[in-house]
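One chain comes next, on its own, written out as C-alpha cells in the form predicted on its own.
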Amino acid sequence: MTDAPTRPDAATAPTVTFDFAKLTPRERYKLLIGAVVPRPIALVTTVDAHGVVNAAPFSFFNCLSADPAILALGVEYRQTGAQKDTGRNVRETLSFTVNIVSDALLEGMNICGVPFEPGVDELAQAGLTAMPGVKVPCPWIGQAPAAFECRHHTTLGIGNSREIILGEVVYAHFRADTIDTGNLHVDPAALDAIGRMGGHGYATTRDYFDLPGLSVAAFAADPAAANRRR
C-alpha cells in the first residue's frame, strides 16, 4: 500500500467566519475582491446608438464557456442607480468587445477608468488606438495583445447594484507574437496579462509554472506528482 502524501493540516488552524446575510454590500465586496484573486481584467469597448465610443475596465470578468464561447462581465450601476455607459451601450447595440489588459496597457487602462462625463472619448484620453470591429460595431484596441468581439447573449439582473452581461465571442484578434497559429497555443509570456488583486493591487502573470493534471492511475502510482511543478 502506498502511504498518502503529507499535506498541511489546515483544519486545525484558527478561522474567522462571516454570515453574508449580516454584512453590508461594501463588506461583502471587500471580502470577495480580497480573496478571489487574481482576477483577469477586461478593458471593454462599446459604442452607443450614435456611434460614440466608450472604454471602461472591469475585473468582475471571466470566460465561462467555450461551446458556445461565452465571456461574462459584472457591470455595476452608478450610485444614482442609473446604468453605466457600458451597460447602456450593450443594451442599445447588443455588442461589446473585450480587450485583454497587458502590462504595457496598464496606464491606458487606468486612464479609461477615470469617471469622465458621458461622451468623453476615453481611448483618446489614454492615447489608445481604436481599430474597426469586423463583426460588431465596437472598436477593438490596437495596443491590446488580444481582443474578443462579442454579441450580447444574456443580461442577468441580480439586484439593485449590478448586472451580469454574457456575450458570445464571434471574432478574435491576437497580436501575432502571442499565438502559435499551428496549434493555437497562446504564449503567456508574450501576452503578459495582468490581474486585479484586492484594493488598488495588481499582479503580473510572469511567475508562471506548469502543473499537469493527473489520472487516477497516475496519482496512485506517484502521489507526489500532484505538486510537481515544471
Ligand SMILES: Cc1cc2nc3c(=O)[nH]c(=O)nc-3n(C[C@H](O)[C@H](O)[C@H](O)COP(=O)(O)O)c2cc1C
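The numbering used is simple: start at 1 and walk along the sequence shown. For clarity, every value in this text was computed on a predicted model and none was experimentally measured.
If you look for the form predicted together with this ligand, you will not find it shown, but the lines that follow are about it.
When this ligand is placed as it is in the model of the complex, which of 107-115, 133-141, 146-154, 92-100 ends up with heavy atoms within 4.5 Å of it? In short, 107-115.
Would you please decide whether L128 lies within 4.5 angstroms of this ligand in the model of the complex, comparing each non-hydrogen atom pair? Taking the distances in the model of the complex, the answer for L128 is no, it never comes within 4.5 Å of this ligand.
Close approach of E76 to this ligand in the model of the complex, 4.5 Å, heavy atom: Yes.
Heavy atom to heavy atom, is V47 within 4.5 Å of this ligand in the model of the complex? Heavy-atom contact with this ligand at 4.5 Å: absent for V47.
Taking any heavy atom pair closer than or equal to 4.5 Å as contact, tell me whether Y171 reaches this ligand in the model of the complex. Close contact is absent here: in the model of the complex, Y171 is far from this ligand, nothing within 4.5 Å, heavy atoms only.
Partner contacts in the model of the complex for 178-205 (non-hydrogen atom within 4.5 angstroms of this ligand): Heavy-atom contacts within 4.5 Å come from R196, Y202.
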